[in-house]
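Below, in structure tokens: the form predicted alone, a single chain.
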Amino acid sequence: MTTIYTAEAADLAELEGATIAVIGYGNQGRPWALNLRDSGFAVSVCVRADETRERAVDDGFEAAPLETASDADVACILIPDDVIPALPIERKDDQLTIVASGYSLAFERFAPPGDLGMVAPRMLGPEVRSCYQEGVGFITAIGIHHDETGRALARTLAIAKAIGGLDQGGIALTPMQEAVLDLSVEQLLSPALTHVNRAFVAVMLEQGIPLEAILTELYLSGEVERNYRLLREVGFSDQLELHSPASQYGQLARRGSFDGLDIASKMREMVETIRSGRFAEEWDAERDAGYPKLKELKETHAGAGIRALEAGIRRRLGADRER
């Protein structure tokens, strides 16, 4: 059975007297640093001499160069996976290093000595802070990649608790499991949903339905995101009862309509590219080349034309007004 860690499983005293460094002060680094400080820990923010260091200082932190994280008892690495291998830090056998994603450990891009743990929030960075402030916390993936001291799990759980990551439970995953799941959501599920949405838009346009109305149904009204919130809060069965009988019947009676499409085979093929490390090699090459393909893809699929179209529709519908 899968291990689920709760807040009761962690003891903040495991970190008593420990020096804690947060590396990076962006989407994850800032929320982690603020949450750790609010949980009673003195935190040093280790960043490059740029606007992120200025922001850390403005927030009241002692900011230092990246190299100084080498001396911290606990170093929380909160920078993009592709730049972790180039970090100018050295770690010792009695120290704990924590990553917020399994990627660098799973694909052997990062292997410092000492304890190696993973605390991967299932939440965007700013929401890590918001959920902590609201007192509700968030679900986290917890993994131990290497236990040199015998205290790796205890100290990793203490960090997870201190940032709010055990308030709704921590799911035990290996770094490889976390990396495969995370990358698969991005590379399997997201493209599949995009394909389905595009097909839906095309069919609805054929029926003479305005694009504005179609996009409203898909996401602009906010109904879908609220339905997903209800799925989280009360589950599928109770959420279903909030729909009309005709809606319930239509959803359930047509559920098998696309079963003949062999999506799973394509997904298995794609996930093997992830698990084998071939995607990591592809991403390394893209990084080393200066991200040319990423820039081209963003311009094609999320460039100025798309932004202008979306902004125009949102403006006409009033969707950009403050709620």
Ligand code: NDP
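Position 1 is the first residue in the sequence shown; the rest follow in order. Everything quoted here is computed from the prediction, not taken from an experiment.
There is another form of the same protein, the form predicted in complex with the named molecule; it is not shown, and what comes next is about it.
Looking in the predicted complex, is the named molecule within 4.5 Å of a heavy atom from each of Tyr25, Asp50 and Met123? Per the other structure, all of Tyr25, Asp50 and Met123 touch the named molecule.
Partner-contacting position among Leu78, Met118, Ile163, Leu157 - heavy atom within 4.5 Å of the named molecule in the predicted complex: Of the candidates Leu78, Met118, Ile163, Leu157, Leu78 is the one lying within 4.5 Å of the named molecule in the predicted complex.
Only one of Leu211, Leu189, Val203, Val83 gets a heavy atom within 4.5 Å of the named molecule in the predicted complex. Which one? Contact residue from the list: Val83.
Even though the partner isn't displayed, in the predicted complex is Leu66 close enough to the named molecule, meaning a heavy atom within 4.5 Å? Judged by the heavy-atom cut-off of 4.5 Å, Leu66 is in contact with the named molecule in the predicted complex.
Verify the contact flag for Gln95: yes if a non-hydrogen atom of it lies within 4.5 Å of a non-hydrogen atom of the named molecule in the predicted complex, no if not. No.
Are any of the heavy atoms in Ala100 no more than 4.5 Å from a heavy atom of the named molecule in the predicted complex? Yes - in the predicted complex, heavy atoms of Ala100 and the named molecule come within 4.5 Å of each other.
Region of this chain that lies against the named molecule in the predicted complex, out of 35-43, 292-300, 50-58, 250-258 [heavy atom, 4.5 Å]: Stretch with heavy atoms near the partner: 50-58.
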